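Here's a solo chain for you in structure tokens, the form predicted on its own.
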């Protein structure tokens, strides 16, 4: 099944991730690519950039271009509901104990933000498989790091739950599966749920490590931005997730900029400072047309450094 190429823009708050995301999305759309730009940052800026009110549901803002600002609270509530429904279904035999009275504590669970954002991302992939590009304007670095490392950490934890459940079944001498013909059907609802969750996170890991997925840092030419960029590259690399490129925003020349030991030998992509505010599709198009980097080079430098 066709899936879009994914570009994540990550970086320190204030480096211009939203603007770089919008420029990339507009440039790709102008070339006839079906493109979606979605903001996962709670401090949404895309509505201001495109001068139109954007909401959770994607809206067309230019030919071939959809844009959305993901409602994080909405996704948290959806995740909590899905969790409650799953628990009720799995432990239906405990309904007499009024489980609803215990569910309120779920909203205080750590990690809800990253779980909600991961869910929003996977929903976009599922609902819009015919896109050529899906571009994500990510939240500041700390939450983005949790977002990218969530699948591997969750899978490791779930694998331990799976092992524990298998041991429980052995000790209780429960037959976990029953064979009909050549197929095995699970009888342990808890184990089935654990396996489904494990598969979900394995698939997410594969997406983050897919060659068609690009994680690009947006940086400014200042000490704080460069230090955070270097730390983020190092921290993600330790989780076997690799930054493909660095986009230097409001920088006119790559001369003297660090390479951060990224793959490839291409010069860093520098987005020059605009003399006028980059708000509205006309301003974005004017900037793209007047820039001395054509759209093909732009995308190549981001996704294939």
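In this text the structure is predicted, and so the values were computed from the model without any measurement. Positions refer to the first chain, counted from 1.
The discussion below concerns the form predicted in complex with a small molecule, not included here.
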| item | value |
| --- | --- |
| Partner contact for residue 245 in the model of the complex: the small molecule, 4.5 angstroms, heavy atom | no |
| is_contact(residue 262, the small molecule) in the model of the complex, heavy atom dist at most 4.5 Å | no |
| The small molecule contact at residue 58 in the model of the complex, heavy atom, 4.5 Å | no |
| 4.5 angstroms heavy atom contact with the small molecule in the model of the complex for residue 271 | yes |
| Per-stretch contact check against the small molecule in the model of the complex, the hit in 247 to 255, 60 to 68, 29 to 37, 234 to 242 (non-hydrogen atom, 4.5 angstroms) | 247 to 255 |
